[in-house]
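In the form predicted alone, a lone chain appears below as structure tokens.
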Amino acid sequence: MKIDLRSDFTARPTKAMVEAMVRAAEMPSGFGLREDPTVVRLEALAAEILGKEDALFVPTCMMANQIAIHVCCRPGDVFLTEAEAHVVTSESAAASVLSGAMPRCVAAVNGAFDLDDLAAALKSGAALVLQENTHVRSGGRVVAFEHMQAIAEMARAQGVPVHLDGARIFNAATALGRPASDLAQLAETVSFNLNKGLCAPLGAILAGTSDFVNDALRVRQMFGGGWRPAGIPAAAGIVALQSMVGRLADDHRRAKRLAEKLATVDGIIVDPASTMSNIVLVRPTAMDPETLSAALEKLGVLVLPFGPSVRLVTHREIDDNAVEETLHAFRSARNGDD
């Protein structure tokens, strides 16, 4: 079987998740949009973990982000983010198409806004500030808690809400040594994936105040996300939140080992200090990323071409042996071995 490092969403659900989904499949499902008892349990658990009043189960984190934008913005409004944010690079201009809202990009380094630039942009008017943590395009870099505090204070002083695209918020919290609720308190609304490092098969959460979630429920339906029955995937989400958060440090440790060892391989550039969570960016200098990816695939390792780099993402199915096999494959690919 190939070692799949393209993304953490390739990790399969655990046996406990599968068993929970089977049990949920045998239960009567609710008819109403928030009636299914398993979904109700998941949403309550997510809200409790984040320290928010309420939460909503949605199909994807992209939909969660777009719902938050739609609730907070009116057509013609501007929301502040940065050029490498997922909402800009990977969400198909959905904010403009679905909500008539336009991103205004603030200067940033590895996802961390330039605070002077943010202050100026806030004074010129905005309906929302959207921050991402961890920051995927920089290789899973983690925005410091103190920096997030400064952003929250600046936005709130101007009466502007903050949305945290926390697709991997539990990775960020793990790296910062804080509970996810500490990060969530610095934003009015928060989204996160259940199907990345947490290994549930699908789904995401959008959390905020009760009034916000009531509005979000309407928008979710409008965007086609009012899925029913939803108890089966929700059951896996509950297990994910209860059992998978504590093991994310193992993914970070293995990513760091990959970065440190790959930094010693000729023909590639890796900065171990930039590996702050479960993502490693490897920049080949002796071949292009697509050629390196193809060579690694022949050796049983799947990686993702990612601009000038290839991306490796550790997850539950990447154990210590897989790390060593990946290192061996990189050395062999670099030497032209089959």
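As the structure is a prediction and not an experimental result, all values here were calculated from the model. Residues carry their position along the shown sequence, with the first being 1.
This protein has a second form, the form predicted together with a small molecule, left out of what is shown; the following refers to that one.
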Just checking whether Val143 would be counted as a contact of the small molecule in the model of the complex - the rule being heavy atoms within 4.5 angstroms.
no
Please check if Ala295 has a heavy atom lying within 4.5 Å of any heavy atom of the small molecule in the model of the complex.
no
When the contact criterion is heavy atoms within 4.5 Å, does Val310 count as touching the small molecule in the model of the complex?
no
Although the small molecule is absent from this view, report whether Val282 comes within 4.5 Å of it in the model of the complex, heavy atoms only.
no
Would you say all of Met62, Val136 and Lys196 touch the small molecule in the model of the complex, counting a heavy atom within 4.5 Å as a touch?
yes
Identify, from the list Ala167, Ile151, Ala95, Ala234, the residue with a heavy atom within 4.5 Å of the small molecule in the model of the complex.
Ala167
Counting only non-hydrogen atoms, which stretch in 72-80, 85-93, 117-125, 172-180 is within 4.5 Å of the small molecule in the model of the complex?
85-93
